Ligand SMILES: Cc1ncc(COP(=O)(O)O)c(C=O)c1O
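Here's a solo chain for you in structure tokens, the form predicted alone.
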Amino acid sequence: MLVENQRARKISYPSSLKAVLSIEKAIESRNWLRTWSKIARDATPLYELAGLAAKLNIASVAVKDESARSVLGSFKALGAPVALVRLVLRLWPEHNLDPRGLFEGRYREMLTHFTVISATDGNHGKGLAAAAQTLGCHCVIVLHANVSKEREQAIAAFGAKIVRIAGNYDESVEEAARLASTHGWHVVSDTSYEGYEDIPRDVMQGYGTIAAEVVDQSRSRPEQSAFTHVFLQGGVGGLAAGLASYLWEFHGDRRPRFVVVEPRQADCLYQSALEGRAARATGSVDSVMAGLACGETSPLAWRFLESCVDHFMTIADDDAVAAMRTLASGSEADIPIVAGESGAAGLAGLTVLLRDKQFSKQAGLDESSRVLLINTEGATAPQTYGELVGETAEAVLARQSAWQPKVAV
């Protein structure tokens, strides 16, 4: 399913939005994160997949590989840690804390009685738990019924206390808020709600690091983007807002076309486009794309997406699995890539659109299109990855390490 967003405009980045998310703050967050031992100091790879582009009959396909961002295995390593540090800075302004010092664990004794909590589908909770462990505070993570035991164990490995509920993601968000209120803990969530926007804003600002690196690596200029289309994963909308806002501010009215992709049964952003407001999903929400299985749009994220995302679309779980296998396979021209269920969603969306001439035309896709995809995660659930792809992540990475591009004679 594809819907064109009639509210999207190619205009200069509004000052009202810049006051919330800006390139300046994204760069500041990027510089802080470089001091954290769990983050790679260098930019993650931006791979050109010439073979895939030729197969799809478009000019180029580039994949920004966030699986290499950190030991956490996903882009979420950029959001929760920045939000946690900014929260601590706001709570103790009189201490003149050094953000880099927080990431270096220099204030652990001061934070020993401080507790943060969040609901998660997996990756956000792991990012928050890892950051809390570094800073020296306590972390509680609320998991809903559809989060796998494998993901639970990965979060617990960073010292978080796990609370399980029987409901879905949105109910886990409510439970986290209830527990925080009862115990005096602080919620560090990636989704906003009434009266709660500062921390989700900080999470989204952390994601700007990805866009900053893409601009550098692709040698984009304000007057000309290296890409005609950028496919972004949905979820509650935080990632899409964080990246789209940066690229919109950088390129202004010459920004690329943005397409947001989400699971068919977790279509909250698609429904938001139809209704013209932050809306809820109409399906069961449960999806193999665990990181995108969100039932309610973040109102703060929607404030950005409603004006710049040109198309919203939904895909089936099978589309994501097929895309995972495509990226894992590689070719003589394309390096193999480990992409998790949510990480492959952008390629799945692109492939679905290109299979349908009407959808392709509506999205402005043709043989001259230059497409950017974001692989938001690696094999964050290794057992699930192996079952879906038919090959372990380790085997794919071994082929990646040994891969050499075919050289024309």
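Quick caveat: nothing in here was measured; it's all calculated off a predicted structure. For every residue, the number given is its place in the sequence shown, counted from 1.
A second form of this protein, the form predicted in complex with this ligand, is not displayed here; the remarks below concern that form.
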Picking from 85-93, 248-256, 100-108, 288-296, which part of the chain touches this ligand in the predicted complex when contact means heavy atoms within 4.5 Å?
-> 288-296
Using the partner position in the predicted complex, report whether Ser172 sits within 4.5 Å of this ligand, counting heavy atoms only.
-> no
Gly237: heavy atom within 4.5 Å of this ligand in the predicted complex?
-> yes
Does the 4.5 Å heavy atom contact test between Phe231 and this ligand in the predicted complex come out positive?
-> no
Interface membership of Asn123, this ligand in the predicted complex, 4.5 Å heavy atom rule = yes
Looking in the predicted complex, the residues of 360-380 with a heavy atom no more than 4.5 Å from this ligand, listed in order, are Thr376, Glu377
